[in-house]
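Below you'll find only one chain, the form predicted alone, shown as structure tokens.
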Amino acid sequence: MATIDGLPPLREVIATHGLSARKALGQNFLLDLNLTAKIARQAGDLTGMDVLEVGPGPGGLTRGLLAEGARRVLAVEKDPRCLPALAEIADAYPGRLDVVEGDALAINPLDRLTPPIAICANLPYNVGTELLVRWLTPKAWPPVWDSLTLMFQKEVAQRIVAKPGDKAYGRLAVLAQWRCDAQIVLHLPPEAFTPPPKVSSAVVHLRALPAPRFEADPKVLERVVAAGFNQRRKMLRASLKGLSPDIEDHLTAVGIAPTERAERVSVEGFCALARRLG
């Protein structure tokens, strides 16, 4: 792929700009341009779309997104050392790459994009889950973005797609699956990265539904789910008693046994209970 955009291999870019990955920033770089292009393709047809990328680092995935036809990429990078390398990519793709130096948790880059919008990123491990929750909980639904294609630690990816009864099933699964179709589309071993992390990684693709699968007030649903999973080993009649003195009656009314545990309740069940309590 380096021959497609005329830019040097990523190992050379890293050496030229002194871009050793920093643990404090949650950095693990992907250096295989064939692999970064493959990740970009998991986002679907990017033609005519603006793409938000968080934590581009030396720009491997950035190059993949541009080569796959993204109309425009907005890359948010916290590490100033990476900016010169990203500027070289911007020069190779005139008018199609904008780089913002800053913390993605402190700014709202979506305001700077024009729909249709996709979000595609090899997220820094230390902020990935928080960013995902923010993107899944906008003030209004559907969101401004059409899809999320995000790399996480394998354990986090499994939590997003887990089903009731799975050990990984919890708040993140309910939050994601209530409003999105979510699936793991790619697995990556530690040796794919520099430096290799201690865990495997996976890419999750989430496509926003036009409306949530089941009716529920988002704030009430969040309280119900949080209470249920904060004490996931307890029966629901105990973990949810703080929400209502009549919680057993409410559970029974929506077809959930008061002795059930949160990890066995479906998204539909949580939404029914949220409607009842709302």
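As the structure is a computational prediction, the values presented were derived from the model and not from experiment. Note that residue numbering follows the sequence shown and begins at 1.
There is another form of the same protein, the form predicted together with a small molecule; it is not shown, and what comes next is about it.
- Residues placing heavy atoms within 4.5 Å of the small molecule in the model of the complex fall in a single listed stretch, namely 99 to 107, out of 152 to 160, 199 to 207, 99 to 107, 171 to 179.
- Distance criterion of 4.5 Å from any heavy atom to the small molecule in the model of the complex singles out Gly26 from the list Pro218, Pro212, Gly69, Gly26.
- Taking the partner from elsewhere, Asp79 is found to have a heavy atom lying within 4.5 Å of the small molecule in the model of the complex.
- At a distance threshold of 4.5 angstroms between non-hydrogen atoms, Gly57 is in contact with the small molecule in the model of the complex.
- Among heavy atoms of Leu251, none comes within 4.5 Å of the small molecule in the model of the complex.
- Contact between Leu123 and the small molecule in the model of the complex is found at the 4.5 Å heavy atom cutoff.
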